[in-house]
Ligand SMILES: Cc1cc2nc3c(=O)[nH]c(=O)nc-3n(C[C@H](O)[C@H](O)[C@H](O)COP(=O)(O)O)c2cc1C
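Here's a solo chain for you in structure tokens, the form predicted alone.
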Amino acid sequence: MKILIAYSSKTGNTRKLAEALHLALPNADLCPMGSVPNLEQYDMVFAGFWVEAGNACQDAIKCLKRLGGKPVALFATLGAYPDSRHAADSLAAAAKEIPNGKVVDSFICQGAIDPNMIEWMEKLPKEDENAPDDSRRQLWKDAATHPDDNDLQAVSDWAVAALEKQQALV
């Protein structure tokens, strides 16, 4: 089975997950989403992205739209907690970008937030819905430590299980 691991990463978080996947699946091809080769040669794609406004980032959406009919395992990073409604909704939104999508499985973990985004939010007026409060600042602090070694092990284990799941379907 020929596998592609394609990823989009703004701050390096999703790249770290992609590299961990590649260590777990060393025969897979690894590349940034902007450099994805001819997809016809692949039997399965692991597609990784950072969450932007409740969906995959724009680079990832372009790639996901090309994956119709192909088995896909989605992996992502976001600044929110991975067990949050926002995380689940973001994965669901990304899955909808795949025409006739066959999402085998998905994985999401926290990732450090772009410092420029934090700086922008700190300047917002207090009445703005995105203005930071103590809980949001705690979220940023928690996110700054991810992805950590546990996340990298978890995504590696997940990748092997997702591949086995797909192989059992074939």
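Start at 1 and count along the sequence shown; that's the residue number. None of these values were measured; they are calculated from a predicted model.
If you look for the form predicted in complex with this ligand, you will not find it shown, but the lines that follow are about it.
The chain is drawn here without this ligand; in the model of the complex, the stretch among 98 to 106, 48 to 56, 130 to 138, 23 to 31 whose residues come within 4.5 Å of it by any heavy atom is 48 to 56. Proximity of K2, L4 and V72 to this ligand in the model of the complex is absent: no residue of the three has a non-hydrogen atom within 4.5 angstroms. Residue I113 is the only one of M44, L67, I113, A60 with a heavy atom lying within 4.5 Å of this ligand in the model of the complex.
The closest non-hydrogen atom of A94 lies beyond 4.5 Å of this ligand in the model of the complex. Although the partner is absent here, S156 is not a contact residue: none of its heavy atoms lies within 4.5 angstroms of this ligand in the model of the complex. At the 4.5 Å threshold, heavy atoms of M117 reach this ligand in the model of the complex. Residues are counted as partner-facing when one of their heavy atoms sits within 4.5 Å of this ligand in the model of the complex; in 65 to 85 these are T77, L78, G79, A80, in sequence order.
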